[in-house]
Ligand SMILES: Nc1ncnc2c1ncn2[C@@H]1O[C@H](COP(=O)(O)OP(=O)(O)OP(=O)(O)O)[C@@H](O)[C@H]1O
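Next up: a single chain in structure tokens, the form predicted alone.
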């Protein structure tokens, strides 16, 4: 049983199709890398996986008790926090 399934995902911004009929499954123990050219839909796909963006069509199925986390390309830290050598530290 997959921890996460995306089935028939479609997403467009105005008239530009970004994702068309995407199917994706993630099973326990798997590691996945998503690569592609700029504007290819990687961030859009990850936002749908994370749940902060809804697909225009298709289904996102997440198993119970599964948490999805994501670090933005340009993370914003709380006031007084900075990242140093991969760890958050207070100023």
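In this text, all values refer to a predicted model and were calculated from it rather than measured experimentally. Positions refer to the first chain, counted from 1.
Not on display, but discussed next: the form predicted in complex with the ligand.
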Using a 4.5 angstroms cut-off on non-hydrogen atoms, would residue 70 count as touching the ligand in the predicted complex?
no
Any of the heavy atoms of residue 59 lying within 4.5 Å of the ligand in the predicted complex?
no
I'd like to know if residue 27 sits close to the ligand in the predicted complex, meaning any non-hydrogen atom pair within 4.5 angstroms.
no
Contact between residue 22 and the ligand in the predicted complex at 4.5 Å, heavy atoms?
no
Within 4.5 Å of the ligand in the predicted complex, which residues of 6 to 45 have a heavy atom? Give them in sequence order, or say none.
13, 16, 18, 37, 38, 39, 40, 41, 42, 43, 44
